[in-house]
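Consider the single chain below, provided in structure tokens and representing the form predicted on its own.
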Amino acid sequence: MASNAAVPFWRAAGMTYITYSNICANLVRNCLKEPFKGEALNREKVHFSISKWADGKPEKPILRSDTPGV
């Protein structure tokens, strides 16, 4: 007989821990005052490159970003 008393509230709400932690991080960032808020938002940006491989060699990488307009 399993008890539901030890289930974290984020799990009971149907969220994953990643979703819960992202929500908390956004709330904290929005509560910061400038210039700390701007610095935190800049650290949140993610840039990466994707390289397709053909014949065992990488092709020219494509730069990608998760931020709109970048």
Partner chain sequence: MFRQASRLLYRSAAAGSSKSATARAFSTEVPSTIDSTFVESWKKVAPNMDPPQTPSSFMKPRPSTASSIPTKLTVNFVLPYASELSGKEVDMVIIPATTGQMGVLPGHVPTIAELKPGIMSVHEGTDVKKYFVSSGFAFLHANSVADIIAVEAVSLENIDPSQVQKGLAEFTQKLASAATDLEKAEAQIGVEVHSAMNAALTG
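This one's a predicted model, so the numbers in the text were calculated from it and none came from an experiment. Residue numbers count along the first chain shown, from 1.
Omitted here: the form predicted together with the partner chain. The next part is about that form.
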#### Entry: is_contact(residue 15, the partner chain) in the predicted bound form, heavy atom dist at most 4.5 Å
yes
### Query
For residue 48, is any heavy atom within 4.5 Å of the partner chain in the predicted bound form, or not?
no
### Message
Residue-level contact is defined here as any heavy atom of the residue lying within 4.5 Å of the partner chain in the predicted bound form; does residue 53 satisfy this criterion?
### Response
no
### Query
Looking at the partner-bound form in the predicted bound form, is residue 24 within 4.5 Å of the partner chain by any heavy atom?
yes
